[in-house]
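Okay, so here's just one chain, in structure tokens, the form predicted alone.
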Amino acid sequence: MNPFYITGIIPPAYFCDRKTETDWLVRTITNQANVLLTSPRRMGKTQLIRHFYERPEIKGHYHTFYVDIYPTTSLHEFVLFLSKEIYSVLVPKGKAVLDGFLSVLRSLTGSFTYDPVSGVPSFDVKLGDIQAPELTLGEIFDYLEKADLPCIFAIDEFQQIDRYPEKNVEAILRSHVQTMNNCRFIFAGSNRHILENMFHSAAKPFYNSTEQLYLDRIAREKYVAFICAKFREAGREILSGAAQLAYDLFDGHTYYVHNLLHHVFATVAPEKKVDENDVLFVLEALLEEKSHAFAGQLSQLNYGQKETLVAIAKAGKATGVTSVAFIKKNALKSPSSVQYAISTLLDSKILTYEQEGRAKTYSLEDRFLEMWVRRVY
């Protein structure tokens, strides 16, 4: 079995570290506080939440829900995603538990179909069925408050609600959350700047309403020890230097390190001791495999966007992108053209940034794409 999971829920035995963070979540949630969980994208937020849900203090004692609202663009979609998640979690728990939820969801009762043999309802709700999203949302929160077990609801990429056309979504949600005793919330996301503004600004509805956890990279020595141990447990061997290289190539960015090692484990012959050359060989093969998709992605950009993207990829982490020095070094057109290109690249999720004070540091969201751009350009 490949010990480096890149899909699905990671079993505890194959979960790398995060003990401090998991223990903190258990203490915080069981002591009735809500949580703001932030990290760069693909640093392991989702897996941490799933891992936390498997802890003996949580599993079987709570109804646990997780929904990623990254694709949503409106309150209607938000409500649909929440209701679908609750339905899917409750189906395996039996008809009586599910009926408890459906009896509360009165605004959508006419949208359910029933299996003629089992009598179990099928969630066939369409986006257009949600005519009154605020009403349905109220019913969802009403269920969570009255459920037979306490609930934990994780809402990932929570910053998306800031983009909804309905401008009072934060206030609507906060009005429900602040009155609940039976449900704790984990508000998670990758846009630290927007989320911290939502939860730390005195002018915002969610001000001072959560405990905060920032998920940073796993310490190098712990990750390297984990990598070597998992190879040994599988009857394989990897040199410590090769494990360190896999970590350093992506600066400890969890998804990419795990992805590379997943393919190293699958590619290198089991009897061979994995060394640095093997890691680099597999990386090159991965980039070659992705090259067609990456080329297609860049073909959708205009010249100004592409040259700005290349400049930032070569820098790795770019600050002062509209400065004279950065523009001259990379032969860019002008500060205004760079600013416009960055705005477009951020909207399309190709770029991301971290903010410290007033300074923004830009980088490519996909570390494999960044490596490929450096090689091609």
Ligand SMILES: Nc1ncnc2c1ncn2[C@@H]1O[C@H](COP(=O)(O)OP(=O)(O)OP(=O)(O)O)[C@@H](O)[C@H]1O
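Note that the structure is a prediction, hence the values are computed from the model and not measured. Note that residue numbering follows the sequence shown and begins at 1.
Just so you know, the form predicted together with the ligand exists too; it's not on screen, but the next bit is about it.
Using heavy atoms only and a 4.5 Å cut-off, determine which of T352, T64, T28, T46 is in contact with the ligand in the predicted complex. Comparing distances to the ligand in the predicted complex, the residue within 4.5 Å is T46.
Contact assignment for the ligand in the predicted complex, among I218, I130, L137, A147, heavy atom within 4.5 Å: That would be I218.
Which among 115 to 123, 201 to 209, 91 to 99, 252 to 260 is in contact with the ligand in the predicted complex, heavy atoms within 4.5 angstroms? Of the stretches listed, the one contacting the partner is 252 to 260.
For V376, is any heavy atom within 4.5 Å of the ligand in the predicted complex, or not? Close contact is absent here: in the predicted complex, V376 is far from the ligand, nothing within 4.5 Å, heavy atoms only.
Non-hydrogen atom contact S74 with the ligand in the predicted complex at 4.5 angstroms: Judged by the heavy-atom cut-off of 4.5 Å, S74 is well away from the ligand in the predicted complex.
Hey, in the predicted complex, does K329 get a heavy atom within 4.5 angstroms of the ligand? Looking in the predicted complex, residue contacts with the ligand do not include K329, since no heavy atom lies within 4.5 Å.
Taking any heavy atom pair closer than or equal to 4.5 Å as contact, tell me whether E170 reaches the ligand in the predicted complex. No, E170 sits far enough from the ligand in the predicted complex that none of its heavy atoms falls within 4.5 Å.
Going through 160 to 198, which residues have a heavy atom within 4.5 Å of the ligand in the predicted complex? Please give them in sequence order. Contacts from 160 to 198: just S190.
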